[in-house]
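Before any questions on binding or motion, here is one chain by itself as structure tokens, the form predicted on its own.
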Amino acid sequence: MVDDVSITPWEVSGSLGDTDYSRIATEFGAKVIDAGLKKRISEFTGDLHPFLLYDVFYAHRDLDLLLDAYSRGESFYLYTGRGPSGKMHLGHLLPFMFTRWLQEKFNVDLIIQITDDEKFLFRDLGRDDLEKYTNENVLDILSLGFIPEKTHILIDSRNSGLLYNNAIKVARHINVSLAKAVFGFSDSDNVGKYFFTSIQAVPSFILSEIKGKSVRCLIPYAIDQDPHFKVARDVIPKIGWQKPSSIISKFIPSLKGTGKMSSSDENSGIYLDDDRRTVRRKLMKYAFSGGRDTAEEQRKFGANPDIDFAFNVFRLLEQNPSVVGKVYEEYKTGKILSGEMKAMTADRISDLLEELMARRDDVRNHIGEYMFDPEKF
């Protein structure tokens, strides 16, 4: 593993650069998404999402094989998830924006697993808090505008029978020594932790079980979740289904420039219920800047946009690459000052959050239409 960096599905510490991410992908057995694969994706989608263009989603497992099958007329479905441990922040939201883009471009079904059981086992949260966070997180996610008839929310505690009856098929192929080696468990960890990865594997083959034939699955997730799906890919062929493919992202950095946004540190990220004034204050006060110490130095020497939090979020929210390129050059050469860059990004973020907030009531009124039902397939 990379020096001074710890990555598990439950904790990430340290700061990662592009070289570190490439090394992690190699160590985990994934492949970096190269220019050739980006070109193949764009042949199906017509363009590239900023997350692909700027290498936020940067690695994969068998994405090329999935695209081969798709070109032959084989469909697939998407699967991603959320652990409802608290309020959602921008770092949680942006990967769901990418997943929505994939759903729209390929016009496929999407399963969103809400792992409330995981947070009960690993965070010791009470049922009342889990219920509250589950309901609010689901509204936050669906407010992005997924295709209603093709989007299926699977909440672990509410779909436990379906999940359990398929998870045991996975669990019988995972022994304790493997779980300890992959996840770092010890004898003092509760037995639920050992079993959970079997639950998380189920949505990656559940449509195959429902339809009685093999259906390909593509899973977008951040690199910290890769151990779960590395195990799943090893086990799923043993129960008769093909391995899921995956597309893997880097972390959205915290405002402070190191680690990732955290639900436990209000000042490390932008929360979805932050108002416009709060968003601007956080960026101005806490956002890691690639600018200079004074406006005079900034105009003379320019900034380093590559390490600047505000610029890097701006380019993910701006769909026009030419606009991003212009802002990059003006910031780099000192025509745009750090405060101006932060203000531009604060406005972009606030526009997005206000748009999502306006959609919540409509989503709330139709929430039942999104709940997972095997009969819909």
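Quick caveat: nothing in here was measured; it's all calculated off a predicted structure. Numbers for residues come from their place in the sequence shown, where the first is 1.
From this point on, the text means the form predicted in complex with a small molecule, which you will not see here.
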Q225, T151, S245, N159 - the one with a heavy atom within 4.5 Å of the small molecule in the predicted complex: Q225
Counting any non-hydrogen atom inside 4.5 Å, which residue from F76, Y221, Y133, Y271 sits next to the small molecule in the predicted complex? Y221
With a 4.5 Å heavy atom cut-off, would you call A179 a contact of the small molecule in the predicted complex? no
Can P305 be called a contact residue for the small molecule in the predicted complex at 4.5 Å between heavy atoms? no
Under a 4.5 Å heavy atom criterion, is G290 part of the interface with the small molecule in the predicted complex? no
Evaluate V279 for contact with the small molecule in the predicted complex, applying a 4.5 angstroms cut-off between non-hydrogen atoms, and reply yes or no. no
The chain here is shown without the small molecule. Which stretch in 237-245, 113-121, 206-214, 292-300 comes within 4.5 angstroms of it in the predicted complex, by heavy atom distance? 113-121
